[in-house]
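Below sits a lone chain in structure tokens, taken as the form predicted on its own.
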């Protein structure tokens, strides 16, 4: 395992220009782009919906990995940013604001909430932080459930005429799809930029030993807070697009704890602290989830199986798929970011 000084020392061992020549990053993004463009080529709506779900999962997993994978803080309530972004954007859309205003507003609102929460709960560590994130998600769900401007327990539903501004409902679905594809690619790129920056190395030093990181000169309160903020913005925008596509939002759908648990499983399955890990984990888990939901016997045990899978990963392959590949094939260490 790396020490804090080893992590900080990597910044000087690798030139900045060399970090952008990593073939694994660009091949991974190219592969994702090609997969994302397949529904456009085939014109199949069913394929578009399947890949939309995968892209959404990749964006969420890559974003949470910035906090969990690089900093070591496990959040069971990251879906709160997905839900808040959805509510803020849907509220603005219902007032007649355009999508290009509503989506960034959802991201900004999630970032602001993360900043305020981070100043308070990131003082906690380990289990205490994880429990606090669960409590925040439940508190937010209860608050929104009783917040009149957001529709209370009935939520917000868009008038069908809203989609007329985007060429009709069919064109709006494609617009949401293109936007989620762009956000998934952006999430991967941001994850890589953070990991290979001095800021990211400070986060990884915190993950290895927070007290030692402080001694080495990392201002841990600010570093953790900004990692939390960065990891919250894209989920807020993804939530905005998801509920715009659905046409309605309700508290139970916006703040599902199960969503956060599944995202954690994706990260662990692919390899936390890596750039490509959340992509592989999201793709693998979504395939498993599709099988479970369409199987008559397993459809009611999806979350149970996810929990068992998480336990098996922690016990037998804690480094995830990417970590296993790096260990099995040492030459891939510098290719798989």
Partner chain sequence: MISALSASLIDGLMIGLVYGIAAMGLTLIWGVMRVINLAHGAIIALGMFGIYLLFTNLGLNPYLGLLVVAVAGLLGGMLLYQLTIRRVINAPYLSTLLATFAINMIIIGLGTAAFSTSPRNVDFTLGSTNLGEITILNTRLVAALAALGITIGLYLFLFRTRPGKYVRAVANNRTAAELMGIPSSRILALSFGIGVMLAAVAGALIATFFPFTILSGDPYQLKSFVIGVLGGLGNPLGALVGGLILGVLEGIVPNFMPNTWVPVLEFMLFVLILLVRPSGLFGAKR
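Residue numbers count along the first chain shown, from 1. Everything numeric here is computed off the predicted structure, so don't read it as measured data.
Note that the form predicted in complex with its partner chain isn't included here; everything after this is about it.
- Shown here without its partner, the chain carries 182, 225 and 232, none of which come within 4.5 Å of its partner chain in the model of the complex through any heavy atom.
- In plain terms, the part of the chain that comes close to its partner chain in the model of the complex, with a heavy atom within 4.5 Å, is 257 to 265 out of 91 to 99, 165 to 173, 257 to 265, 184 to 192.
- Contact annotation: residue 306 falls within 4.5 Å of its partner chain in the model of the complex, judged by heavy atom distances.
- Taking non-hydrogen atoms only, residue 138 approaches its partner chain to within 4.5 angstroms in the model of the complex.
- For the chain shown alone, residue 154 is not a contact residue for its partner chain in the model of the complex, no non-hydrogen atom being within 4.5 angstroms.
- Interface membership of residue 127, defined by any non-hydrogen atom within 4.5 Å of its partner chain in the model of the complex, is confirmed.
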